[in-house]
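One chain is shown next in structure tokens, namely the form predicted alone.
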Amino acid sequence: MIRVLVSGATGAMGEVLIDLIKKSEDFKVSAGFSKEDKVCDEFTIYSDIKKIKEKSDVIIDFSSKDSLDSILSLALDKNIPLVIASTGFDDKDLEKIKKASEKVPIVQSGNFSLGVNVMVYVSKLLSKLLDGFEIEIIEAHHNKKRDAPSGTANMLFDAVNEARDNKLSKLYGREGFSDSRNPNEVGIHSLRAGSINGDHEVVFAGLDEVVSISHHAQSKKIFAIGALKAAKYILDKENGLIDIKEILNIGE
């Protein structure tokens, strides 16, 4: 059995992950980390990460960027592989993750869904093939999601931008008046409402024709399943940042 420390254990994604682990024959929850203490039938959830004494084979983090330093510290102190599924990180946070990966294997992604990562791969191809088409990215999530745009929207932008030799720039939403649209800007639009699990669309608009690709998450389970697949994959891997595309066997 693979012992999993679940970070963000009392959040919506943490609860989905724990439920999947309980039904799994390969995993068990060793302990949880969250904002509040809680004693469950099979494990304990701690609000102070330094109090966690249970041994774990891997950490899966579905918390928030606020917990990043604590999670990285625990992974480094205990030499535990780490799957980071939280979003909202800035460049400084990503640099911390990269530095920590020199000592423990880490998978960090804005989305662990197979479908989304295929969408990212295809969006990069379309951006290259549809050179000259203008690009817009639209994403929608539930009303409790704190960060905007989503980590997936940023993944999609990075993909189309790389295909255009990093010449594109982000424009968050639109308002007011402008004389003309800069062809190298990518409008990124975020919706937060209801219980939307996660919708993403990339629109490529040319003269008299539009190509779009979209993904609709019908449940949160798809993200937890991907995170568990990543957790199993990195157990015997060497230190470093491991790309989610490698785990899901996508593309190059």
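Numbering starts at 1 and runs along the sequence shown. Note that the coordinates shown come from a computational prediction; the quantities given were computed from them, not determined experimentally.
Below, we refer to the form predicted in complex with a small molecule, which is not included among the displayed structures.
Novice: Among 144-152, 120-128, 158-166, 172-180, which stretch sits within 4.5 Å of the small molecule in the predicted bound form, heavy atoms only?
Specialist: Checking each option against the 4.5 Å cut-off leaves 144-152.
Novice: Is F27 close enough to the small molecule in the predicted bound form to count, meaning some heavy atom within 4.5 Å?
Specialist: F27 lies outside the contact set for the small molecule.
Novice: With a 4.5 Å heavy atom cut-off, would you call N197 a contact of the small molecule in the predicted bound form?
Specialist: Close contact exists here: in the predicted bound form, N197 approaches the small molecule to within 4.5 Å, heavy atoms only.
Novice: F223: heavy atom within 4.5 Å of the small molecule in the predicted bound form?
Specialist: Contact with the small molecule, yes.
Novice: So in the predicted bound form, does any heavy atom of G110 sit within 4.5 Å of the small molecule?
Specialist: Answer yes; at least one heavy atom of G110 falls within 4.5 Å of the small molecule in the predicted bound form.
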